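A single chain, nothing else alongside it, follows as structure tokens in the form predicted on its own.
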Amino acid sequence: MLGRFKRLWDAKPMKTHYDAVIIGGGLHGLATAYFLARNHGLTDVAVIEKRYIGFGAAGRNTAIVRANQRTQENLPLYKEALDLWPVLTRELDFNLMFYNCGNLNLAHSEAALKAMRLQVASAQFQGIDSRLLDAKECRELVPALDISDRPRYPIFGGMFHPPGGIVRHDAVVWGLARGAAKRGVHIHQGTSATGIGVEGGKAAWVDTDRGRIRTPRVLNAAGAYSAGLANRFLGQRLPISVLTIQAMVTQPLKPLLHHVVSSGAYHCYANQTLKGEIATGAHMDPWPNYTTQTTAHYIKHQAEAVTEFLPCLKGLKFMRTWGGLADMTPDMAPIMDGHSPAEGYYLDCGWGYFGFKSSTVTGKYMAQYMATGECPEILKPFALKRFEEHRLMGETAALVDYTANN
């Protein structure tokens, strides 16, 4: 008879005072708690989560990691994040299932190839392995690709990023939670934040449905709910809209897709999981909402899109579908800020669908920010004031409905 499984971390009674309180038990909140304890000796930390850790985007993404973004502000952050996965696997003594199988982004026009050429050059300038391929080289990499003129958007070439790949997202949640708890961090699941108190211009407490916690440091890392909490608790309006992203997996197959493949023209990406399923996802829903429901429209879109450039997948059945919420800013870059509107109050939000890729390294630098009060250089470009100063990043652009937070 199997013995009782040991919990990865123990539930602790909630105290009335902590040195830091983190709102949100996702990857960014857990990573920040872990690095506060590991790097700064700040172990008197509470992570409060309304549902259970990993309930939100941390447990609903498709586990892809990469460092082939476009801008000089983003590239160093994502590169360090990518380098950190094997380090954390050893450090946490937890198999995060990191597999750097490589990412192939397809180009479907000469204009797209030109844009990729600039993107590859930017990555290489930052020391990131990224390469431009023609159509035949893409097929050599992924033999199942159709590079004929049959698809609606024929393949002209692609950008291959060998260090990219996949990481098991729930393993990261569990590994970070266990690592943080071992260092004294308290994780309070099933606990709602109901207010943030300010005294003399400084963060002073967090109210919860289990009582008040006095604290001089508060991190709002509530993902899709961060903008609503900031508005409700502090009257702080953030340029964030919440959009649903849908994903799904097929029945399992023998190994045939050994890299992550994506297409901006088709708004589609796919990779094969360790179980043999083809995991595929689409662009976000075009309207702000807080639902994680899936729709027949996107199931149809995914089936049509992925079989355009991978026709061997025709006839496969989708076995599961799910939705997650993305907190999207106008320039699709995150907000990492502190001391506004109160000293000791910090923001880590607006990640859209890039949050998983950078969660661990962001936690490292947000922990440094919270422990020292000084913003690390790598985070400075992501300050909230960039929107007031009209310094939107060049990663991409998106329309935002500013009423979504009201």
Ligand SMILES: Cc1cc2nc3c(=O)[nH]c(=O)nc-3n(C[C@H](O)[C@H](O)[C@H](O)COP(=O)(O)OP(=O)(O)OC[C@H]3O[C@@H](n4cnc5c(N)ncnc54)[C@H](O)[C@@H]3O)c2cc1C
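The first residue of the sequence shown is number 1, and the count goes up from there. Computed from a predicted model, the values in this text were never measured in an experiment.
The discussion below concerns the form predicted in complex with the ligand, not included here.
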{"property": "Contact flag, residue 269 vs the ligand in the predicted complex, heavy atom cut 4.5 Å", "result": "yes"}
{"property": "Residue 363: touches the ligand in the predicted complex, heavy atom cutoff 4.5 angstroms", "result": "no"}
{"property": "Non-hydrogen atom contact residue 375 with the ligand in the predicted complex at 4.5 angstroms", "result": "no"}
{"property": "4.5 Å heavy atom contact, residue 367 and the ligand in the predicted complex", "result": "no"}
{"property": "Partner-facing stretch of 355-363, 33-41, 377-385, 335-343, counted where any non-hydrogen atom is within 4.5 angstroms of the ligand in the predicted complex", "result": "355-363"}
{"property": "In the predicted complex, the one of 242, 306, 245, 238 near the ligand [non-hydrogen atom within 4.5 angstroms]", "result": "245"}
{"property": "Contact residue in the predicted complex, from 57, 67, 45, 347 (heavy atom within 4.5 Å of the ligand)", "result": "57"}
{"property": "Heavy atom distance at most 4.5 Å to the ligand in the predicted complex, all of 98, 175 and 273", "result": "no"}
{"property": "Members of 15-32 lying within 4.5 angstroms of the ligand, judged by heavy atom, in the predicted complex", "result": "23, 24, 25, 26, 27, 28, 29"}
